[in-house]
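Only one chain is given next, in structure tokens, and it is the form predicted on its own.
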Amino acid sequence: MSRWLGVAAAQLGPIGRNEPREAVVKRLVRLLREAHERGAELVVFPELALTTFFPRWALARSVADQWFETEMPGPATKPLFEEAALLRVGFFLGYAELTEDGHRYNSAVLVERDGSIVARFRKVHIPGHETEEPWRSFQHLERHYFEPGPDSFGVWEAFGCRVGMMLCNDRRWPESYRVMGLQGVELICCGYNTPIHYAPDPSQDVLAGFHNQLVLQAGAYQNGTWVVAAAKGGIEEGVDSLAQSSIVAPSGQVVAQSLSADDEVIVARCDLDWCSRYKSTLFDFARYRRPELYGLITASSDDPGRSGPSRRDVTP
């Protein structure tokens, strides 16, 4: 007998610089209700879902703190938690986090169907640059605003399965999926904000959608897991960002994808036991992996024998 879970990716269209959180939360609640009506028990919202994507501007951190959350839930986000508990629908929500001791993270929270927080994740792979680069048409200053998350990729028992989390650039790195895959992950929640123009190498612009699908499908297939990825797309404050929110099966097949760059809900009914078809056969890690030969993957950059250039900027 299979285990089934209704999941949704709740894509957001643009959020203006001056759009209040309360207005954004109302949009999130509308999407949550639609997902519930269509059978979802878990809704995945984008990265930095409560605000505009502020790393596009070079601002003092004290100015940017207006877009950070000091508590979760807070006064503005409490209605989302209350509606989720009322509907018995859980969610994944990306936001900017300012901790009590002054740390700033690009974070996400996983919330169960009763409104309780299961876990918090802090983005591991921080892209972009640290200081303003005037030659760019817009900035990507995540490394100015955020610290890398101090923890690895966890997996938690929730929604009747093993759930993992990642944010945006994390989805481009095979290690993100593999660390969760080694913990038996069955469903990965991912939110992203991806500008289509990539200033360090504009030849990649036309491939933005392809690269997005490539990593989501490969990560799902190679680790026998569902992946639910939600975008914030469209032209936000003059910057065009990728949409194409997707739900990917453990086979690597895309079972649902957004059709617009606006607020949109896509839904899939996931057979969680589909994961075991891959975990117990082709990707039986215990039987087939050769970890004793993979040392170079985690070797530091100054280790002898390491080859290849070091890039200071990666696509978000």
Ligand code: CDT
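All values derive from a computational prediction rather than experimental measurement. Each residue number is its position in the shown sequence, starting from 1.
The next section is about a form of this same protein that is not shown, the form predicted in complex with the named molecule.
Proximity to the named molecule in the predicted bound form, defined as a heavy atom within 4.5 Å, singles out one entry of S176, N169, T77, S246, which is N169. Distance criterion of 4.5 Å from any heavy atom to the named molecule in the predicted bound form singles out E142 from the list E112, E142, E236, E97.
The stretch that touches the named molecule in the predicted bound form, counting heavy atoms within 4.5 Å, is 189-197, out of 189-197, 81-89, 157-165, 228-236.
Residues F68, P73 and R122 are none of them found to lie within 4.5 Å of the named molecule in the predicted bound form, as judged by heavy atom distances. Taking non-hydrogen atoms only, Y278 never approaches the named molecule to within 4.5 angstroms in the predicted bound form. Proximity of P127 to the named molecule in the predicted bound form falls within the 4.5 Å heavy atom cutoff. Although the partner is absent here, F54 lies well away from the named molecule in the predicted bound form, with no heavy atom inside 4.5 Å. Heavy atoms closer than or equal to 4.5 Å to the named molecule in the predicted bound form belong, across 151-166, to no residue whatsoever.
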